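A lone chain, given as structure tokens: the form predicted on its own.
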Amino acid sequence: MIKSNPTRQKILESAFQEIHLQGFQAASLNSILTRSDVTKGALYHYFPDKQALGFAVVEELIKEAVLQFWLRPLEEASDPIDGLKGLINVAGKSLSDEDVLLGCPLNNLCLEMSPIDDGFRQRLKQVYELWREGFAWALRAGQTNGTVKSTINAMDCATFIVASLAGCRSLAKNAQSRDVLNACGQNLTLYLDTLQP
């Protein structure tokens, strides 16, 4: 299977790092080659152009990160509110100082590329929809087991939570401040408390 090819994976991971640091438009294929220690021929063997490489970063790395960090743990949570609060706490503590300064890779790409490239916009939209739907599913499961208020609209709340998480990262990036990130996270957890019966 192509996706499991180690050379291809190195290129993808290096591209992710370069895009996160520079943005997609300013990302340099030469820097990606240097980071991944592969030849230009190897890069073009797997990705016909820079756009295809960027699309693969969204579809394979960023989407998988959302699934692995935010959604799969909630599938096992008996109480999605406690689960979300725990994930927010872990996210805040696990981000490096550089991660705080660079912001959310998904949100950065959305702001940069959605207005100018419909291929990026559609792929980024799919990741955000997956994230929102995953949170909504967890909240509905909580409504069924009595850990979430039955009166809330799960999708509306999920949309607000995802927007808040993206906004927290953007505010912290702009302020270049972990304190801003922590304040956002703390107040988001207070909002989550209001969803409990």
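Heads up: residue numbers just count along the shown sequence, starting at 1. Since the model is a prediction, treat every value here as computed from it, not as a measurement.
FYI, the form predicted in complex with the DNA isn't displayed, but the following is about it.
Visitor: So which stretch, 141 to 149, 124 to 132, 161 to 169, 39 to 47, is the one near the DNA in the model of the complex (non-hydrogen atoms, 4.5 Å)?
Guide: Among the candidates, contact is made by 39 to 47.
Visitor: Ok, Ala56, Ile62, Leu29, Cys157: which has a heavy atom sitting within 4.5 Å of the DNA in the model of the complex?
Guide: Contact check passes for Leu29.
Visitor: So in the model of the complex, does Gln196 come within 4.5 Å of the DNA, heavy atom to heavy atom?
Guide: Flag for Gln196 set to no.
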